[in-house]
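Given as structure tokens, the chain that follows is alone and in the form predicted on its own.
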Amino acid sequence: MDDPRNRSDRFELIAATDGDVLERFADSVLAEEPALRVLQEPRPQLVMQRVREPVERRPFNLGEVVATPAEVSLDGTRGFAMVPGKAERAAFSGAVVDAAVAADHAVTEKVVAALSRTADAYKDERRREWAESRHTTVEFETMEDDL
């Protein structure tokens, strides 16, 4: 989740970015009145949350969560976003932002910078959480065969 120019990373970063930030960028893009088609209206729905269990690293279905997907075509470039929760405006804005970055729109560098800040904040939060829980780590002694 490091490179906003990589589409897979960008999907994750858009989902983690504040909806107001996405909306400001989308408004900037849409102010130029590009050819816009909504391919998938933003509607909240249930999606299966898959996670990887930490011991054997196998995926499993954790359960259903509410997410809001949206898809647009902006001057012929497709954009997609799926954001957590019931967030129609953020999903639509995220899809516009995705299409803008894919098409190298004038706002791309500002969007990339904002998404990079989101990635940095995510990493900082993960480090902080790990530091808080690190004291609970248990170290086991190994038993040697005395046979």
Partner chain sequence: MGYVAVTAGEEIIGRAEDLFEKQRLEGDSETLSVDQLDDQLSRLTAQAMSEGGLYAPRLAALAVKQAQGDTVEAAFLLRAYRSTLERWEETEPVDPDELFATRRVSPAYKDVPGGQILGPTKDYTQRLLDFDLDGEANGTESADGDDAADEPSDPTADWDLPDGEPTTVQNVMEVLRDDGLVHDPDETADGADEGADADGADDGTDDEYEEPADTTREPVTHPPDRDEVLQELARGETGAVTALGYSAMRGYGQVHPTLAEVRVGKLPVRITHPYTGDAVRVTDAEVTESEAVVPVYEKREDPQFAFGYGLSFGRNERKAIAMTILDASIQLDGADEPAENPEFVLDTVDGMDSFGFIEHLKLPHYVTFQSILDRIRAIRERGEIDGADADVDGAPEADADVDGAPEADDRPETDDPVAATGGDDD
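It should be emphasised that the depicted structure is a prediction, and the values quoted were computed from it without experimental measurement. Residue numbers count along the first chain shown, from 1.
Another form, the form predicted in complex with the partner chain, is not on view; read the next lines as being about it.
Contact assignment for the partner chain in the model of the complex, among Asp27, Asp120, Glu109, Glu64, heavy atom within 4.5 Å
If I apply the 4.5 Å criterion carefully, the residue I get is Glu64.
Does the partner chain get within 4.5 angstroms of any non-hydrogen atom of Ser116 in the model of the complex?
Output for Ser116 is no: heavy atoms all beyond 4.5 Å of the partner chain.
Can you tell me whether Met48 touches the partner chain? I mean in the model of the complex, with a 4.5 angstroms heavy atom cut-off.
Yes, Met48 lies within 4.5 Å of the partner chain in the model of the complex.
Can you tell me if Glu23 lies within 4.5 angstroms of the partner chain in the model of the complex, counting non-hydrogen atoms only?
Heavy-atom contact with the partner chain at 4.5 Å: absent for Glu23.
Is Arg89 close to the partner chain in the model of the complex, meaning a heavy atom pair under 4.5 Å apart or at it?
Arg89 lies outside the contact set for the partner chain.
For the heavy atom contacts within 4.5 Å of the partner chain in the model of the complex, list the residues of 115-137 involved, in sequence order.
Heavy-atom contacts within 4.5 Å come from Tyr122, Arg126, Arg127, Glu129, Trp130, Ala131, Glu132, Ser133, Arg134, His135, Thr136, Thr137.
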